[in-house]
Every structure is written in C-alpha cells, then in structure tokens.
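Here we start with a single chain on its own, the form predicted on its own, put down as structure tokens.
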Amino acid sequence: MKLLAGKFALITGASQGLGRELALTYAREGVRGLALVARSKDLLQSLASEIYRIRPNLNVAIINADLGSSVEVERVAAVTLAACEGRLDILVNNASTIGPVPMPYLLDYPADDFHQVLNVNLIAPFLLIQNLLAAMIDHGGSIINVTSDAGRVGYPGWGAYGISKFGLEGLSQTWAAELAKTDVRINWIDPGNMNTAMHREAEPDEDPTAWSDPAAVTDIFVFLASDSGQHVRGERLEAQSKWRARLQKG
C-alpha cells in the first residue's frame, strides 16, 4: 500500500537537493498529482522526466517561478489548484535562499538582499498557506515547513537566512494554533546538515561528505504527509533524530 496514494502535493524548491528527493519519493509513494516549483525550468523538466520513468501517467505540473515575488506566489497557487483539480492534501514549503555569499555580518548586509531572503524564506510560505488553505480545509491536509538549527540559534554570519528561519518557526507555531480546531495540520522539520548545493555554497570550507544525503531524510516528510501522521500537529521535528519513537501513538 502506497502511503500517499490519491493525494495531491505541492513542493517548493523542488529542482534540486531535498525538494528534488521529496518529489521522487512522493511519486514512488503514490501521489495522484504533483505540483513542483523552482526557479530553474530546465532542472524542473529534467526532474519531471525522471518522475515519469517512475510513474508514466502521474499528473506533474512544473511551475517555473521566483517566490521572492508576491505576484509569482499567487500565480503558483493558482496554477497548483488548476493542476490538482482544486484540491490540495500536502504543502511542503521547502524553497530557501541563502542570500549573498560569502555570508556577510548584519552590519554589512545589503538591504535588498535582506528583503529578498525574507521574501523567499518567510513571506512566500505565509502567502502560499494563505492562498491554498481553502483547498485543504474541507478534507484536511498536511503543511510541512522546512526550518533549520539556524532558526533556533543566532549564528554569526548566517544573517537574513537564520532570521528568516526564526520567523518561519514563529509563523508555523501561529498557524498551528489557529488551525488547531481544523483538519489541517502543520509541522516544521529541521532536516539537519545535508549535502546540498546551497549548504556547500554557504560553508565552502567544510567537508560535505560528512553531511547527510537528502534522500536519507525524506521518510519523515512521507510520514507527516500520510494518514499515519494525522495525529501529529504543531511539532518541531529533527529529521536526523529518533523521531519515530517520539511520534508513536499511544
């Protein structure tokens, strides 16, 4: 039995790294439809081709968009609803931008870059939830926001990225409280150190082979999106921890 059979999902930041692995995993787990968002149309088309090799008849909508623009976010929501027959079961807010590299201290942080990081990492998830909630509210669904340890500890040099993740955690808590009496659940996941292009760019002097493969942390995203995870609400979870024991029913 496929854990996500019949569900419609939207994944942002889907062209590479964790988002790409989630798209492939969700396809294997039986989703009925996938809307995939990223800035690179070429990478999205390559991903879609790989998905079709797994599921030749899967409904895949690729949406080339810059989530730093509120107009683009609204377009993403509209295209998603059209592609998913007006229904959404899973929303994964994974898209992030690190900002300028080498990452400057706040004293030297360019204001335009600061705004852009917050727009992509914080404002876009807020607007996507706001625009797509009506498509989830009647039948319920799962919203998963991707956070970071930089959203709990203020590391020097992580600037707007870390601040955006602090904001995302607060946003997630507030949405969770406001949705507590509905069938829409929201949780946020810290995937931990992963060997991704963004992480390599952020910490070029570190050894990326010491970091986890993004494919190794997708199981928690499947669990929370599935009916098995319906009882988990308003939780901050670490993908590389012993989360299964923590989330065990009973």
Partner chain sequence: MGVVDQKPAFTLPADLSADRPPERRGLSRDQVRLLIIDRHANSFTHTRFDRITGFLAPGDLLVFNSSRTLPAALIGKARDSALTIEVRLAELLPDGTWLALLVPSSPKKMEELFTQGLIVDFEWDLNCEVLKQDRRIPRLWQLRFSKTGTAFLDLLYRIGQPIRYRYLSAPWRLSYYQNVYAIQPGASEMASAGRAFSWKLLLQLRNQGVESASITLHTGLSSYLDGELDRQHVVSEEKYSVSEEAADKIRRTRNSGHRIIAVGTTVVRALESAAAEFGGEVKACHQYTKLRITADYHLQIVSGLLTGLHEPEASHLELLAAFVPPEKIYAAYHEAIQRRYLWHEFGDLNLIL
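Positions refer to the first chain, counted from 1. All figures in this text were calculated on a predicted structure; none of them were measured in a lab.
There is another form of this protein, the form predicted together with the partner chain, and it is not shown here; the text below is about that form.
Visitor: So in the predicted complex, does N131 come within 4.5 Å of the partner chain, heavy atom to heavy atom?
Guide: Yes - in the predicted complex, heavy atoms of N131 and the partner chain come within 4.5 Å of each other.
Visitor: Heavy atom to heavy atom, is I63 within 4.5 Å of the partner chain in the predicted complex?
Guide: I63: contacts the partner chain in the predicted complex.
Visitor: Contact between V146 and the partner chain in the predicted complex at 4.5 Å, heavy atoms?
Guide: V146 lies outside the contact set for the partner chain.
Visitor: Is there a heavy atom of D112 no more than 4.5 Å from a heavy atom of the partner chain in the predicted complex?
Guide: No - in the predicted complex, heavy atoms of D112 and the partner chain never come within 4.5 Å of each other.
Visitor: To test your reading of this chain, name the stretch in 151-159, 112-120, 76-84, 97-105 whose heavy atoms come within 4.5 Å of the partner chain in the predicted complex.
Guide: The contacting stretch here is 76-84.
Visitor: Only one of A124, L168, I90, A135 has a non-hydrogen atom within 4.5 angstroms of the partner chain in the predicted complex; which is it?
Guide: Partner contact (heavy atom, 4.5 Å) among the options: A135.
Visitor: Considering only 169-192, what residues come within 4.5 Å of the partner chain in the predicted complex, judged by heavy atoms?
Guide: E178, K181, T182 sit within 4.5 Å of the partner.
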